[in-house]
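The data below hold one chain only, encoded as structure tokens and taken in the form predicted on its own.
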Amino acid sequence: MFHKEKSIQLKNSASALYNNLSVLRIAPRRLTYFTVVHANVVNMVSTSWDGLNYSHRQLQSKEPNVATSTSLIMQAAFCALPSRDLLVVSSQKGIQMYESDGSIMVYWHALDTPEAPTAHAVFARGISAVSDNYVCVGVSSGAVLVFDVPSKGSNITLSEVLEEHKEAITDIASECSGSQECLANLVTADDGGNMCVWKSGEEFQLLNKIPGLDMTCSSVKLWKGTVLAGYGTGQIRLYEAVTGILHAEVNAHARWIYSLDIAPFSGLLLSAAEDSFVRVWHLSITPETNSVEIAHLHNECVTDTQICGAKFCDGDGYAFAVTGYDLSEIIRLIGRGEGRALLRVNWRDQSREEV
């Protein structure tokens, strides 16, 4: 169903971090941006859609007015808002926001760090754009910082702090479908596997808390009112966001899941784990029961690689990219022509074979 394209070379290898790959598609310029974190550096690659042109940029983790910093970066993620795109970088020291091409830092938020050493590390992790003008970033205390982002300029403000979690935030996801029926549009997850479901607004409203099972929820997504959660057990669980009802539980991987991604237009789900496998699944909603079903479509093995990032390159899921620990390249896979046509025509046929 998918075959490998030419890999994209990186200046540095990828660190073993959850969700260590972000992708932004710039349709008007026919470009795709990729970011991968290595220690205190963000490796950024811009590629043309024809695969002929590449440009590289490296962003350092640094504080304003400080020449160099050894602060480790925990995540770099693109945040696509209706009026602008930002690249958000979270580290042990704070949160940096850049224009999407990495050229200008428009905002810096320092984390509260204790003067005396403590047993708990301080860091920011978990990044997502929410609704029309918010960017949410999680921190190690369990708090979620909500930033109000103007349509242009650097007048970004911290508008709210959400304090429902007691353990470090691992991942944050939103559903920016623009649908009026979408009651829940934000989900936050932590090291204990607990998840909180929110409705964004001038004041964010907590809608539901889904308890964890003392196993880290390392990656989370939100699709059509369903929470898609990946765990250290290698399992994927599908919950109804507002009620917390468990729709499905899949023993998807033999080892720790590091990344999930969803192609919203097609319902394709991507999962990647330490077991060297990337798997593609198809989600569908049963109208009679309004429940979500999951079916396996495709396997891809990156031999002897601890996969730490996997992202679709478009909203339909026709192509995806993969990173692995200590791997100095981004592996790209694209759907074969006949497979793409089959998926486009008949998403709901659960009996179809791999092409």
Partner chain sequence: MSTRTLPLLFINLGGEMLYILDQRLRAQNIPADKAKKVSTVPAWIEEDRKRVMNDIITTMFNKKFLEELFKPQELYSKKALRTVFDRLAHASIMRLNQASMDKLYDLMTMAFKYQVLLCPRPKDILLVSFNHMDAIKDFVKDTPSILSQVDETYQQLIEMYTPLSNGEFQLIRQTLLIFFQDMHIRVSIFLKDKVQNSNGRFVLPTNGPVPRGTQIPGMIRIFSCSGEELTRLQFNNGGNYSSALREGSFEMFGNRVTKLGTNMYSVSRPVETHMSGTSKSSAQHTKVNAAPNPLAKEELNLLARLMGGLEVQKPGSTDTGFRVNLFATDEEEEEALISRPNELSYGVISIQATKDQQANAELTKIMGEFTESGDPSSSASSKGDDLLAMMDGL
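Positions refer to the first chain, counted from 1. Between two forms, the rigid core is defined as the largest C-alpha subset superposing within 1.5 Å. Just so we're clear, the structure is a prediction, and the values are computed from it rather than from any experiment.
Keep in mind that the form predicted together with the partner chain is missing from the display, and what follows is about it.
Partner contact region in the predicted complex: 298-306, out of 48-56, 24-32, 313-321, 298-306, criterion any non-hydrogen atom within 4.5 Å of the partner chain. Mapping the unseen interface onto this chain, Phe277 counts among the residues with a heavy atom inside 4.5 Å of the partner chain in the predicted complex. Although the partner is absent here, His109 lies well away from the partner chain in the predicted complex, with no heavy atom inside 4.5 Å. A residue is said to contact a partner when one of its heavy atoms sits within 4.5 Å of a partner heavy atom; Leu17 meets this definition for the partner chain in the predicted complex. The partner chain in the predicted complex comes within 4.5 Å of a heavy atom belonging to Asp191.
Relative to the partner chain in the predicted complex, residues Asp214, Val250 and Tyr325 are all within 4.5 Å by at least one heavy atom. Comment: the partner chain is not present in this chain, but in the predicted complex one of Trp256, Trp198, Tyr98, Tyr239 has a heavy atom within 4.5 Å of it, namely Trp256. Phe123 is the sole member of Phe78, Phe123, Tyr134, Trp223 with a non-hydrogen atom lying within 4.5 angstroms of the partner chain in the predicted complex. Contacts between stretch 37-54 and the partner chain, counted in the predicted complex as any heavy atom lying within 4.5 Å, involve His38, Ala39, listed in sequence order. For Thr289, a C-alpha deviation of 2 angstroms or more is recorded between the shown form and the other one after rigid-core alignment.
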